[in-house]
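Heads up, the chain shows up twice below as structure tokens, two forms, tagged structure 1 and structure 2.
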Structure 1
């Protein structure tokens, strides 16, 4: 007994377990299943997505032991994790950055599968479950942002509630179920906590199980070859004979690339987390602090941008019908076309579609980061005009600049490159509008500008326009057409009668 080889003993016990569970048989079947020889670097994104999900599970479980899911305490518990818990900030940073990485890998995986037509027979359901996984992942990302329970989380929920509220007939009930009450409150946080730590991870695990089972059952697809048509009648036979002939075992042949890629990505994410630290929490989730300027996380910036750019009339139908229709179309894709060419070179329409979607999302995300449609709420009192706009001005023009700051023009309009971007930059406005046009624009508004006619007195308007009429790109000498004439006309008008000696 004692002289028994320990290695043999281990093997014995493993065999004992295998004989009763069949576990190793299954494991061997999945680990050593044959995959096409040409399954190369294109195929690493799915594995990387799953790896980051396991990172999320592990870091999330430990975070759940440190986090207080109560509206009264959540924010402080995050500050405590960041500042007091040893390595707590690092854990939060890894959870946050790994979440981004998981979403990025998932989207790459999705794009690759779409580009290569992998969703065609017999992998239609693999794709459908992949779409569900995509939704679950996005759900995890959104609910994760809520967990930070800061101003962005609070007002982000407000935006979600406002969208749900638009559903005709049932909006009110839906919103109450979503928020757990008539307002955003403690019940809302606990609801989203349950979603984030129980419901969505559980669903994701189950979906990954099905997704992987289907991958094993139908095999990993080959690289698409132009002319190699997918025909449900013959595909399986052809695939199996090819894989049998020229395939390699998943482990170690194909797994090597997955391991290299996953390892590199993992180290990169840890490095990024160590360098840039955790996300938020930013300001307190205080509904009475109206100075908040809510922004969603990067993943959802494109929605934020789309909501700014959509014409108001189409907004409600798009908000309510867009997501379900979009998801349904995505899930229905393999049923719309499940045979034929897989190679991108023979599917120009699909490639074009992918390019359009990626470009569209990219542009919207970029717009979302710059958000030029958002007024800079404090610009009027905090953004000092360049000295060049103060010097060489008459007293009236200086008063006009003062009015420009005071009447919050600066919140939406830049001069000299600083200020809001919602309205046009006014640095050279005098080259575009005449004196009368400036007066009309200020008084009547229009083109997405409120009318100031009721707010500004005639002297204020006059000073403002006098200042704006000097904004001709720096030459100052060239006066705008009509300025002198209207000034003279005003002086001669009966209203000028209160002018002294």
Structure 2
């Protein structure tokens, strides 16, 4: 019997698979579908997001074989990966930094789609699935931080549990679902490990599949042009006609730009990972460590700052209603405005809204990085008072400086640029508050300041107020920007030695 041609047998097998699955039809449709000729560098962020997700999957699978998802061993398993596994630290660094890059590319892609009005007809569902894909991506980043099982992870879980616990009627149940019990424990880590390794990646893959199908079904949008109106009655026919006449195949024209950008971003992330190394793990959670300053990763610093700055009276309604309302509005955007102009120059309100959102997130991220509301717990003992605070003070005022120091006021308040920033700067407090007002503020507190009426004796309070009453910019003017008088002129003043209240 004559043997069959191997090449012909392979082609017949592939044809058999294609007839029953449409696999090669999908590949041809994906690679060679026509796209608008003007689809330039604005359109590379989506491909970069998917590329970094692929990096996440590959590095995550390897890390999952080394990581111990138990409360007793998780932290040490990361130390083992960093210190014992060959290039384990680099693998963790790639996984962590590519996670940040994936989220950044996703947010840039979302912003570009919003700016260009690409969410309008017929791409409403593409936007909706993109919003949920963005949420899944951020969920992967957050659960990844929990995997480090350090102080940042522990306190982040505590804050999250406190938020869901505020839900009226069902707070206890929601907290138990989140933590796997009433408190943070090994069950909590197991729960978040399942989310990070199985549930969220699976959901992300499914959402990517639907999102790509919708992109192929409705086409890549053209660059917006002023006067080119989106009208559901005529848009699809006009779009298909324009793409057929002047469009180009996705490969190689648009794919070339995607590959160049993805390659450049991948090289950048590899360089950053090699230079800065992996994220954490930081110190173990210790409630007795008053110097601990836990905070989330950079992507979530704006949430950290927003939670810290919310007025106490509005915390619960904003925390419970803000996120779902915001997500609902974002998902409903294309149904609220699915026609009309797409060009940013014809949509100034949309451009202004995007600028305000980006600016707000940037400011909150900076505040989350600097944390001006966090007290410097060792400021009272680690930073010596400037000599200007001591010179020309009466014995009572000098005693007040000692009270200011040993009552740990400097943890929250600064004078002349040194000290904490949680409370107001007191360099010129005597110009704002009278003697009686200072006494009342110290004894009764107010705002975020605790009351010291039961902590300080009457004599200690009087001495403290005597010192504070000298902080009117007098001998400290040399320390305060914009001062008009020099320290030497103040020293020569006849009243320099008499600064009592």
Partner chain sequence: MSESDSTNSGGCGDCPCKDSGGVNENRRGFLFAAGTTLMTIGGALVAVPIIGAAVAPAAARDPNRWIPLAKSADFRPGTTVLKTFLNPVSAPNDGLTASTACYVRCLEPGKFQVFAVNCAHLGCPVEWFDQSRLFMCPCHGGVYYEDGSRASGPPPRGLFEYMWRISTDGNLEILGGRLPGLQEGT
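Residue numbers count along the first chain shown, from 1. Between two forms, the rigid core is the largest collection of C-alphas that superpose within 1.5 Å. In this text, all values refer to a predicted model and were calculated from it rather than measured experimentally.
- Return 1 or 2 according to which structure is the form predicted on its own. The form predicted on its own is shown as structure 2.
- Query: Using the core for the fit, does the CA position of residue 435 change by 2 Å or more between structure 1 and structure 2?
  - Reply: Indeed, residue 435 is displaced by 2 Å or more.
- Task: Answer yes if the CA of residue 445 moves 2 Å or more between structure 1 and structure 2 after aligning the rigid core, and no otherwise.
- Result: Yes, residue 445 moves 2 Å or more.
- Message: With both forms fitted on the core, check whether the Cα of residue 391 differs by 2 Å or more between structure 1 and structure 2.
- Response: Yes.
- Item | Cα displacement of residue 16 between structure 1 and structure 2, once the rigid core is superposed (Å) | So the C-alpha of this residue moves 6.0 Å.
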